[in-house]
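Shown here is one chain on its own, the form predicted alone, set out as structure tokens.
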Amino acid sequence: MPSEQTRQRVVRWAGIAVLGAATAWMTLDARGFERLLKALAPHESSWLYPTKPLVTLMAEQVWLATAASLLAFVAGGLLGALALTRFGIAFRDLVLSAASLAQTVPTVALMALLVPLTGYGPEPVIVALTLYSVLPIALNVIAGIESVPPEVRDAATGIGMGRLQRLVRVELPLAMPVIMGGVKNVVVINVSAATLGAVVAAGGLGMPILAGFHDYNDAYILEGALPAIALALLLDRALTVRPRWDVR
């Protein structure tokens, strides 16, 4: 008889496989996806966004979300680590307040404000999503490292580890599940939020959604929304898989 843990693992991977297959099918099988859209919106006269194929829109969507998430991971990680140093702890509240301020500005407004500096295209979207994502990652880095038991730090110090060595070999591996929790939330949010990039001509799955809104075409809206939802759910499930570094 399989254990409960084995059953949960099988269910989790089955869900990931189904979501992955659904995302790939909607992206690659244009004719099949068009038949689904016809069934969902039979009153429309056109069902697929004519300007770009869905595979190109999906590639642009993945690029926007990936670039913003990677930049946020690097900036948030450095910010969180800086806030834990002897030098940075004095500026911790100031740094986190600045990052928090970026989250208070609506993403669409921030993109519009960036357009005069960066021009139209993917740049304002990536910058806006990065600024919006830095704070959750920085907070998770701080929370994860501060959650390491003091006796573990003392033991690492006792066997001769320096501060940097203790951080890399002990604190970060133990803090990684908490850090990855923040990364997962940021990635999932960025996949959905990147659809807003259509308003600054950044491409992605927001293009058919915007066209559907403009032309009152429900099929275009579904064409952009359904793959974005499937991709976000796929990443949410995939990044929930317990990694090798989770030793707890």
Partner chain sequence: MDGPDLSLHARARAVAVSGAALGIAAALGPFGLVLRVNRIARGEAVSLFSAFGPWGVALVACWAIVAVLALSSAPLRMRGIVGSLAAGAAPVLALWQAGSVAARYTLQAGDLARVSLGAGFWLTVAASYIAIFAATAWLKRSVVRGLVAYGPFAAVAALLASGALSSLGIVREYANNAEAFAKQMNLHVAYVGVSVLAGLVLGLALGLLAARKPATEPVVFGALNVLQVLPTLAFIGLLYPVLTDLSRRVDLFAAVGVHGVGWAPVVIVLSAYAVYPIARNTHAAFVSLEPAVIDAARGIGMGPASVLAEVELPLAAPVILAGLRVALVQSTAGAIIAGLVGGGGLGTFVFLGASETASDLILLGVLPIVALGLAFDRGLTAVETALTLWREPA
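Numbering follows the first chain given and starts at 1. Superpose the two forms; the largest set of C-alphas matching within 1.5 Å is the rigid core. Owing to the predicted nature of the structure, the values given are computational and were not obtained by experimental measurement.
Keep in mind that the form predicted together with its partner chain is missing from the display, and what follows is about it.
**Q** Between V187, M180, M58, L210, only one gets a heavy atom within 4.5 angstroms of its partner chain in the predicted complex; which residue is that?
**A** Flagged contact: L210.
**Q** Would you mind picking the one in A155, A112, A81, L71 that has a heavy atom within 4.5 Å of its partner chain in the predicted complex?
**A** By the 4.5 Å criterion, the partner-contacting residue is A112.
**Q** Each of L94, P106 and L233 within 4.5 Å of its partner chain in the predicted complex, by any heavy atom, yes or no?
**A** Yes, all three are in contact.
**Q** Is T195 near its partner chain? Define near as a heavy atom within 4.5 Å, in the predicted complex.
**A** Contact with its partner chain, yes.
**Q** Is it the case that G206, even though its partner is missing from this view, gets within 4.5 Å of its partner chain in the predicted complex, heavy atoms only?
**A** Yes, G206 sits close enough to its partner chain in the predicted complex that at least one of its heavy atoms falls within 4.5 Å.
**Q** With the cut-off set at 4.5 Å between non-hydrogen atoms, does V127 touch its partner chain in the predicted complex?
**A** V127: no, not in contact with its partner chain in the predicted complex.
**Q** Quick one: does P116 come within 4.5 Å of its partner chain in the predicted complex, counting heavy atoms only?
**A** P116: yes, in contact with its partner chain in the predicted complex.
**Q** Pick the stretch from 165-173, 71-79, 141-149, 85-93 whose residues have a heavy atom within 4.5 Å of its partner chain in the predicted complex.
**A** Among the listed stretches, the partner-contacting one is 85-93.
**Q** What residues in 211-234 sit within 4.5 Å of its partner chain in the predicted complex, counting heavy atoms only?
**A** If the 4.5 Å heavy-atom criterion is applied to its partner chain in the predicted complex, 211-234 yields F213, Y216, D218, I221, L222, A225, L226, A228, I229, A232, L233.
**Q** Core aligned, does the CA of D93 move at least 2 Å between this form and the one not shown?
**A** Passes the 2 Å threshold, so yes.
**Q** Please check whether, in the predicted complex, the CA atoms of V95 and N140 lie closer or farther apart than here, given a change of 3 Å or more.
**A** It is closer: the C-alpha separation of V95 and N140 falls by at least 3 Å in the predicted complex.
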